[in-house]
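Next comes just one chain, in structure tokens: the form predicted alone.
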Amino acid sequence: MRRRQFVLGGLSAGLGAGATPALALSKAKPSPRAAIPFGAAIRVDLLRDDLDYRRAVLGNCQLVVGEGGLKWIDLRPQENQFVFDHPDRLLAFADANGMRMRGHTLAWYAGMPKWTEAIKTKKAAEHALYEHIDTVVGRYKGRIPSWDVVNEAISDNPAIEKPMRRSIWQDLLGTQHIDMAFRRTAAVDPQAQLVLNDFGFENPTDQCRAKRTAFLRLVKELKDRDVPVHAIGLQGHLPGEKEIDRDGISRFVAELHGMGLAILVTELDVIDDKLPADSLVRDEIVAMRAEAFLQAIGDVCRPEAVLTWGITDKFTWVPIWFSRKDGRPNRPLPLDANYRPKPMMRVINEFTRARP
């Protein structure tokens, strides 16, 4: 099983007809000069159990997304059972504190409950997908303004003739499952921003270049079919030891933005297992990678949001798959394990600040 299967699990009122939904980032009307909202993936129980964690989220975030809760494996332990406890609690927290909540995710290859293994036909897959979207998006209509509708659809090593990742949806419905998921979500909540979310684009490697090419081809095909994709989520799980392909990312973002798509940074962190042991040196490299990635995007357009996958090194998925051989704790996030800001936080604050 791959690391992505174990990522811990667990926007807009007043749009005119025909307008593209955009992330409702604040009570005020957004403008090109406004600050970019910053947010993080949240573990809901920690908001209750760890006062420092709660303070860190309240002190730094305008957006939240659940690390889990809305993934199939958390939400649907049984075919006919939906458990909305965690997303309901996170949304209540966001509402009470003037934040916005993003929805993650409606269709993904991983994080599927065991009962879905019995889905063997196209008809059964279509029914399960539509029932899920109708129930989940319907529950939060008008309250969760931005959804990662389809997550990680492109293979890690996409071949020209076979670029898509294997999944229950791809195997039974083909690439049409993406069209189906976006169209159904748009039908249930016409005002929601619908996002295609993926990772692995950022380095100057053949693998990343192939993934960018395959992703652009997919997006162009979706746009040609008038599939209601409104935005692209660039996750940004950055390998700390690798340079950022700034020119490649900028060209990639320019092509996406040129198709009328908004850009969001949805899951930023820097994987530091191969970086030097010295924490001060490591933190500066982590900040440098994050800055290069954000600036490569910002050279083309200001993203509508920047979210990190977690807020503190104390709670991060990274050591599950990328623990350091020297036994030192990983440091992939903006705040350290004692909730102190690191250079990465400085980079994010500078990038997201309002511009005169």
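Each residue number is its position in the shown sequence, starting from 1. Keep in mind that this is a model prediction, so the values were computed, not measured.
Same protein, other form: the form predicted together with a small molecule, not shown, and the subject of what follows.
- Annotated contacts: 71, 237 and 320 all touch the small molecule in the model of the complex [non-hydrogen atom within 4.5 angstroms].
- The single contact residue among 43, 314, 302, 324, judged by any heavy atom lying within 4.5 Å of the small molecule in the model of the complex, is 43.
- In terms of contact with the small molecule in the model of the complex, the residue from 215, 252, 182, 108 that brings a heavy atom within 4.5 Å is 108.
- The small molecule in the model of the complex is approached by residue 309, whose closest heavy atom lies within 4.5 angstroms of it.
- At a distance threshold of 4.5 angstroms between non-hydrogen atoms, residue 267 is in contact with the small molecule in the model of the complex.
- Although the partner is absent here, residue 193 is not a contact residue: none of its heavy atoms lies within 4.5 angstroms of the small molecule in the model of the complex.
- Proximity of residue 152 to the small molecule in the model of the complex: non-hydrogen atoms within 4.5 Å are present.
- Here the chain stands alone, but in the model of the complex its contact with the small molecule, taken as any heavy atom within 4.5 Å, falls in 100 to 108 among 206 to 214, 100 to 108, 134 to 142, 174 to 182.
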